[in-house]
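Below, in structure tokens: the form predicted on its own, a single chain.
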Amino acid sequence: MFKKILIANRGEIALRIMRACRELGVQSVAIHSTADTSSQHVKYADESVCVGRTSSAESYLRVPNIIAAAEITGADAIHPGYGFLAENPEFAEICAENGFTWIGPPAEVIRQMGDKATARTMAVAAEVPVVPGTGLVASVEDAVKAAAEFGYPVIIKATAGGGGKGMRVAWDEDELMKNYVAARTEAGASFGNDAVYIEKYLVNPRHVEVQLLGDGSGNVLYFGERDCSIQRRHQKLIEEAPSPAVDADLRRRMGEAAVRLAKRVGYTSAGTVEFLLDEDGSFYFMEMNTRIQVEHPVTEMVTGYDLMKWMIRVAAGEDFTFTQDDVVVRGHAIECRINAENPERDFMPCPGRVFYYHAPGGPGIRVDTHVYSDYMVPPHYDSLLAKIIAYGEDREEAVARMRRALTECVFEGLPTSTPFHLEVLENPVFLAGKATTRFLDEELPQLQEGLRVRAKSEEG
């Protein structure tokens, strides 16, 4: 086992990794920007190093400074968490070249699966179902030709994309010609790579992802699925496990498909294969995330396995002490991402001081957060304040516990997305387990009206 791990991240995920380290008897090193000097992950770590100024480019993305921090503290491994450099193959290679163990999949796997066109080709080779689509399309004329073959609507995707950037839906040829240019422009500006490809657009699917873990001996196991259909601009807001739309047979088929792909590319560590689940029960490969996911706690709650500790143990050379038959999904878990945003103003980010924070508790409640009373939420990074996870024997109990937890949670001093989550948890479509990726498109007016009523009631 490692003696000391540097966590190349911040906030709640840095704390999550440090807690796993402490349980394994491993020391942790925090890095931070000048804006995060008083962050909780800095206070909790055994050691900390400032790696730059406030912007991500000058700190959490500054590779030479991070490597220097690992060297001066004597770390023997680096965990990237999610975001920032977690899916950067060059960073993984630099870590290895400087003698640090990378806690994640091999750099070449990150490179292959990070390129969506290559990942699609690998999925086809592994006999994983894919949505009808193309390889890279070099011109708008090629895009129009492909769309004529598949039929509208189609979706244009950046091959190096993520977070919904470089993605555009086209419902006819005129819209395709306009959006093709827009998608390439955005992809080039966001990722330094303007290459795109075309897929048939599924109008009303669910977003269902399978959690994987692979060890160094070629064993790859799946840990059930998560339903991440409630999204805003391709950003997940609420996740749950298991999916209300997936039965035992479908879970097995999706899990086995994900494992086939992972084994084909030589996958180790934690990762996620994302699928689109159509209304007729067909599922199609969308992409692979070569890192731990924000929403991993719901899987931990329903399977009982600590994914973060197993990431570290696998990187340290340990193999699984259990088999696929030992991985059983029990009960139901839901995660709500609480952000410093104003849902009544189009989810506008609202950084500022948290004058008072009170965490929810009670049976079945887990809270992953880096926030404390009098904490200043900086404007330089994402607006995530906390992840509240509720577990119950069934979905009905998990929903009830989440409602209770949301009403107990207090962040005084700035708006949060908590009222929005309460509205979703009272929505009949959500309660029926019927939410798809179009949920917000169809239900947002009703949710906003509920927010207005809720705000007036609280004022009164």
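Nothing here was measured: the structure is a model prediction, and the numbers come from that model. Heads up, when I say rigid core I mean the largest set of C-alphas that superpose within 1.5 Å between the two forms. Don't overthink the numbering: it's just position in the shown sequence, from 1.
Although it is not shown, the form predicted in complex with a small molecule is what the next lines describe.
Among heavy atoms of residue 164, some come within 4.5 Å of the small molecule in the predicted complex. Taking the partner from elsewhere, residue 201 is found to have a heavy atom lying within 4.5 Å of the small molecule in the predicted complex. Although the partner is absent from this view, residue 231 contacts the small molecule in the predicted complex, with a non-hydrogen atom inside 4.5 angstroms. Within 4.5 Å of any heavy atom of the small molecule in the predicted complex lies no heavy atom of residue 448. Comment: 151-159 is the region of 212-220, 237-245, 298-306, 151-159 lying near the small molecule in the predicted complex, near meaning a non-hydrogen atom within 4.5 Å. For the candidate set 370, 387, 207, 184, a heavy atom within 4.5 Å of the small molecule in the predicted complex is found for exactly one residue, namely 207.
276 is the sole member of 314, 276, 75, 354 with a non-hydrogen atom lying within 4.5 angstroms of the small molecule in the predicted complex.
Comparing the forms between this form and the one not shown, the C-alpha position of residue 305 differs by less than 2 angstroms, with the core used for superposition. Shown in the overlay between this form and the one not shown, fitted on the rigid core, is a CA shift at residue 150 of 2 Å or greater.
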